[in-house]
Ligand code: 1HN
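Next up is one chain by itself, shown in structure tokens, the form predicted on its own.
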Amino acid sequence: MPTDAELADFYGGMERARLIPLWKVYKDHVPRAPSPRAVPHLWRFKEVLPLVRASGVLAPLTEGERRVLGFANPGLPYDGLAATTDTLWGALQYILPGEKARAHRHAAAAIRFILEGEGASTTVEGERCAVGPGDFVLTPPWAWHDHENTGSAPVIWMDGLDIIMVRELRGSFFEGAGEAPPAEPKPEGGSAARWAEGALRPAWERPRGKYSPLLLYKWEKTGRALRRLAASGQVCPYDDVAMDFTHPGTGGPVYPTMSCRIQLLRAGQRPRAHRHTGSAVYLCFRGRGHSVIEGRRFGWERGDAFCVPSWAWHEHAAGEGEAILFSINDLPVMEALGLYREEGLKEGNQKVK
């Protein structure tokens, strides 16, 4: 048996040589199951909204690129690198009437889902996208974009970005106002004219590109698709009437790093619990209901946001009426890397702790 002095000399030598004894850290590198640092959490709109409104007075756009209040997960450090899950950033953005957030671009992919307010628009690479409640708009990586509110009331939308994983991969780039070249004029709604029908595409276009060429997904079509699927009786045992927004040229997710989903939870239904690798951030768009995440019940209503960490048991149900949830997730990364795994709960539903 080696003596304490021999072991101390051995491990000291490895440290000086910048070597790591795997047998000492094996369980940390290869856990038996995913061990996210993020925890399930709910951000209540009625508690957040006063701070959102206060930001309109206390945080003018001249002091920053955007007026955004991010969802900081209690399981992750609360600092300048705060995040909503281990890989995703979720937030609420607030734009007052007459304001314009200047153009910038970044390597991270972003989405906006409009919660309330009319008259706002996002211009992406020269194409203006006018948005209203329920609309969903993309700002692909490295695309110049700005936001403007020409309406008479404030606009609130959910931001979703893959900025956390981009940062951890050391792939971040950013360019701000003053660095943007003059935008090439494009027809408003041009991408929708080419791609919104889904089953049809212009003859000169080819289904290439990693990011969806359709920038704006209008609520009118989204809501109609949900109703049509619900009426057909074809539903998911775990998520009820759930649909993913897709790249119209490939049928895949809107981004290679991030997928977006809309789901209708019907009254009186109780979908089964399941878990999967990959995390998600949810926003209640309409109605009210609850989710059980790792045995803990979270009641939510319009405007509330919550997160589900990787490999956490979760289930969702509407209240007395139906409810609609919008969500972002990092499942495309898990699937592309061969890391996606899913299982349903044999008992059907969780016991609430």
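Counting begins at 1, following the sequence as shown. All figures in this text were calculated on a predicted structure; none of them were measured in a lab.
Same protein, other form: the form predicted in complex with this ligand, not shown, and the subject of what follows.
Considering this ligand in the predicted bound form, the lone stretch of 86 to 94, 276 to 284, 185 to 193, 260 to 268 in range is 86 to 94 [heavy atom distance within 4.5 Å]. The shortest heavy atom separation between residue 163 and this ligand in the predicted bound form is within 4.5 Å.
Contact annotation: residue 317 falls outside 4.5 Å of this ligand in the predicted bound form, judged by heavy atom distances. Among residues of the shown chain, residue 66 is one whose heavy atoms approach this ligand to within 4.5 Å in the predicted bound form. Shown alone here, residue 106 lies within 4.5 Å of this ligand in the predicted bound form, counting heavy atoms only. Relative to this ligand in the predicted bound form, residues 112, 145 and 159 are all within 4.5 Å by at least one heavy atom.
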